[in-house]
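Take a look at this single chain in structure tokens; it is the form predicted alone.
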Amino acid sequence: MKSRIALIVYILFILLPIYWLLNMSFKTNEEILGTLTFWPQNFTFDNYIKILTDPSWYKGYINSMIYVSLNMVISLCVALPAAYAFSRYKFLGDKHMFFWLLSNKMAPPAVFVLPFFQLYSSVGLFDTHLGVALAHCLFNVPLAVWILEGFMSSVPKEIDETAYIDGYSFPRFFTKIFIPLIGSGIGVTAFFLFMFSWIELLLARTLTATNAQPIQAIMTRTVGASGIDWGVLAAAGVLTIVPGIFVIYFVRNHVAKGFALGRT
């Protein structure tokens, strides 16, 4: 009984900020700043209407989804063959290189902001979706390689040898046989790639101006002459949670199997 009560209290504690954010998103600014209420006294959809009708807001969501999707595709395309090489072959310095890849994840994004900014300004990638996606690859590719290598190492090497004996070329074997075997690992990896790219702010804000500006950067610039528009900011926060919920829903089975079978 005590464990159930503790679990309920914990769940309520976790859900309270989300509820409060949702609660604020249906209030007017006057009510938010005026009195403490646990539900909207003057229920309004104006905050959501402003986001869905103002191009500066809804384009931010589109920009975020574009560069996050690009990053997932690029990271997986690079990480899959790299992880296979680490899991199947032994070469000079393989362990050191594997650790070096993972150590890139430990560096703060602020270290790379200035180099990326100068490089992108000179080659024309500044304020582009591809530029932000490639910048996020610096952190997401090592993470993807590390996760996928654990899943690939759990697949017996005899499967590779049997496929070669049956006449499979490597591209055909890799796409038709090997990738389906690690589907759960790819699901787990895609989940983490999406989340890390979606919530990253510093690089996305610094490397964009207008054309590819993400919603996270727009949310930091809601201060106007009358102050911060808390209702609109809360509605934007609610809408930024929605894509993550959809991703979790579609990969939930892969994530559950991945956590049970793989190394994460």
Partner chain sequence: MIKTENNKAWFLVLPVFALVAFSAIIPLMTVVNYSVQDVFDAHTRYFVGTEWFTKMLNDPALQSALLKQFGFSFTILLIEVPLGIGIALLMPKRGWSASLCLVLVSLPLLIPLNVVGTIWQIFTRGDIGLMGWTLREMGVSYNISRNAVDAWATIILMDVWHWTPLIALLCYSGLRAIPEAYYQAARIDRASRWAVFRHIQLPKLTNVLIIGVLLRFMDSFMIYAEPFVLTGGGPGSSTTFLSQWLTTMAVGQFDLGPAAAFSLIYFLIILAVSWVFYTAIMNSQKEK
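Numbering follows the first chain given and starts at 1. What you are looking at is a predicted structure, and each value in this text was computed from that prediction instead of being measured.
One more form of this protein, predicted in complex with its partner chain, exists but is not displayed; see below.
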{"property": "Option touching its partner chain, based on a heavy atom within 4.5 Å in the model of the complex, out of M195, L52, I62, A209", "result": "M195"}
{"property": "Partner contact for P180 in the model of the complex: its partner chain, 4.5 angstroms, heavy atom", "result": "no"}
{"property": "In the model of the complex, G187 touching its partner chain (heavy atom, 4.5 Å)", "result": "no"}
{"property": "Its partner chain contact in the model of the complex: Q213, any heavy atom under 4.5 Å", "result": "no"}
{"property": "Partner contact for I66 in the model of the complex: its partner chain, 4.5 angstroms, heavy atom", "result": "no"}
{"property": "Site check L70, L148 and T175: each within 4.5 Å of its partner chain in the model of the complex by heavy atom", "result": "no"}
{"property": "Residues from 121-141 in contact with its partner chain (non-hydrogen atom within 4.5 Å) in the model of the complex", "result": "V123, L125, L134, C137, L138, V141"}
